[in-house]
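Before any questions on binding or motion, here is one chain by itself as structure tokens, the form predicted on its own.
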């Protein structure tokens, strides 16, 4: 007599979906069958865009304060960067770490990571269906139904809206199951400002960026219609329309020290890029004392965030209060929610991709252990 099959459906062929599918098939009994549904014509398209095409897998500086929630920190406390590096080493991916702790495949190519994940799933005979958008899910008699398919377990690894034209049907389906949706917006992206910046387009400065009691030190890039750069990307996770972004262009000095350091307009004009100095002086009506105050508080009013297609992550998503630390839903048994669709977002540097891997690792192990 044939053994009863355990069928697992995975919605989303991205980072968390592909790694989960490989691991659960590897760890679980041989009676497990895995089917991945991907709405695009190929799996892993967003993986190819990570780390500017180099795939920033993780970071050696994992710790507190990197994520928007305790839930995210709890997950990474269980799965550190060494664990993730070992998982990818088993897939044939050697890694290298840069001076800032960012971990990349040695090839510095996201294609290497995607190829390894794709091949690993094929080698385990996991079924991958592309060009398949899941528009509805039914849950009856402890089974999940997607059109003619039936599953014992369902894994929501569908990602968020960032860097895609995702219409968030999965989010709508999950809310129908009773899960709360935390209002979302683009994150790790540029910011369009009310204040004109066209004359500053292309100029980079180092600054302390302050927004809503959050502070970031780093590069700010002026664009034709607003602000970009790593410090602005970090700040964008906490920004909404109408907020004021404060730039401190010389954070190592207080205002009194600056008054002594910059005694005249000649010194002022040679301290900053020409067009930045010109813009500050225009705001100060050529008053040096006012200009020094602006150096410490160069203000820009937020018009809006960049579009999702130009953002690295989605801020918001399914409320983590509805999810166990195993990534299983508290509301629907055998339903697991992984990666970006959850309301977990981290800072730049591989932390968001690390959460996707970590959530896949924990969920796959939890399910596999339960089936043994």
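Since the structure is predicted, the reported quantities are computational estimates derived from the model, not experimental observations. Residue numbers count along the first chain shown, from 1.
Here the subject shifts to the form predicted together with a small molecule, a form of this protein not shown in this document.
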Quiz item: Considering 132, 71, 238, 139, which brings a non-hydrogen atom within 4.5 Å of the small molecule in the predicted bound form?
Solution: 132
Practice problem: Tell me, out of 27, 60, 49, 331, which residue has a non-hydrogen atom within 4.5 angstroms of the small molecule in the predicted bound form. | Solution: 49
Quiz item: Out of 338-346, 322-330, 27-35, 299-307, where are the residues with a heavy atom within 4.5 Å of the small molecule in the predicted bound form?
Solution: 338-346
Quiz item: If you check in the predicted bound form, is residue 249 within 4.5 Å of the small molecule, heavy atoms only?
Solution: no
Practice problem: Please run the contact check for residue 363 against the small molecule in the predicted bound form: heavy atoms, 4.5 angstroms, yes or no? | Solution: no
Quiz prompt | Partner contact for residue 93 in the predicted bound form: the small molecule, 4.5 angstroms, heavy atom | solution = no
Quiz item: Does the small molecule come within 4.5 Å of any heavy atom of residue 315 in the predicted bound form?
Solution: no
